[in-house]
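A single chain, nothing else alongside it, follows as structure tokens in the form predicted alone.
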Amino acid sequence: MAITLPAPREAARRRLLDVLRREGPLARVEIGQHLGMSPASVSDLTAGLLDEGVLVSEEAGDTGPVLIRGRPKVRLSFASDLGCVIGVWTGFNRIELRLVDSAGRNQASRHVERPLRSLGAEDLMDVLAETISTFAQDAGGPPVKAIGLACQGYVDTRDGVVAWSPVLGARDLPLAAGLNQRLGRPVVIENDASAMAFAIAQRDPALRSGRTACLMIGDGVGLGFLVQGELYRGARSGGSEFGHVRLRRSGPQCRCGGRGCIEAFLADYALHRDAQLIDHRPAPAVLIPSEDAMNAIVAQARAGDTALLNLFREAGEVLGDAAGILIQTLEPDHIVICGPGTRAMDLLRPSFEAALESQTIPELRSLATIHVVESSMDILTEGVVMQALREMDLDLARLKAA
């Protein structure tokens, strides 16, 4: 006869798995410190998870003298054969995919160039589902248990809908439900800036304390805001479209249809557009310039091109203004500048710091620590990989019938 065990025990198991996802392998005493649980309670919970094969134990290295070190410390971590999850990032006509096992270890990754911007809703979901399925089949390994997808634009995480994205043609796109129907797996979706903020905070424990604002610059400009390490949501469970805050009414054209947005000064497409006007470089074949094209502009500016140096100086001022707005409206403990646009941070920094200093109330400015985190391809998918692993953990935390 099946036995239904109390929900509080499942909640405790989920909390325990969450700690191990966030902190990595831990000894039982360390788990207890994180959860505020007694050693007996931790041992009881972990015994069940070990018996079910969810967790595995390993002896931690200890080089102390044998006579005084006592029993070797045993750390617990996730088993690697419980299934896999796939993280997906959609950019302008490109897709990044990453597959990790249940222990969070990277198993495979892939970059795919596909025309996405011109597709209608059904065709787009067909293409994404086919791309994900092919990647999973080629990678092999344990079955895929969940999928996480990061997308630029306004993402309603509660209903799994991409309301608007500058890189997709369809609006009010029911992406989570559509991919779930096609793939038969749970799908979690997230704004890409919020996903990157979540990933960065998991890497640095200091950023999981207090309020952290992650300003992502690159293809566009996005903002992820965390409170005590968890993403802050708006009324529709979405993130912030901070890049589309207007700075100057008569400013340059933005992809959203407005003018003078933060993004219209600072995003890669804006910098490349203005660089093209300055030195008559060839127009890009697509709206979003390649990494090679952006690196060429940065290298030319570093070589002393006055006009391009002025272009980055103005972009740095806008970045400083943007950080000042965050400081004086949200009062964060930390501001993280991240994303591909950090490739030019040495060119942006002088005017960024000057603008931040001149436009921000000193007493508030002193409260926020500024961090710069260099981008990588992995970090584009890392946040949604972690959220997909959390989705998988929901099932792992459920008590099995006796």
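Values in this document were obtained by computation on a predicted structure and should not be read as measured data. The first residue of the sequence shown is number 1, and the count goes up from there.
What comes next is about the form predicted together with another copy of the chain, which is not displayed.
With the partner omitted from this view, the residue of 105, 171, 111, 203 that lies near another copy of the chain in the model of the complex is 171 [heavy atom within 4.5 Å]. When another copy of the chain is considered in the model of the complex, only one residue from 163, 129, 296, 121 comes within 4.5 Å through any heavy atom, namely 163. Within 4.5 Å of another copy of the chain in the model of the complex, a heavy atom is found for none of 198, 342 and 353. Residues within 4.5 angstroms of another copy of the chain in the model of the complex, judged by any non-hydrogen atom, belong to 221-229 and to none of the other stretches in 221-229, 113-121, 271-279, 79-87. Residue contact with another copy of the chain in the model of the complex: residue 331 places a heavy atom within 4.5 Å of it. Within 4.5 Å of any heavy atom of another copy of the chain in the model of the complex lies no heavy atom of residue 91. None of the heavy atoms of residue 152 is located within 4.5 Å of another copy of the chain in the model of the complex. By the criterion of a heavy atom within 4.5 Å, residue 183 is excluded from the residues contacting another copy of the chain in the model of the complex.
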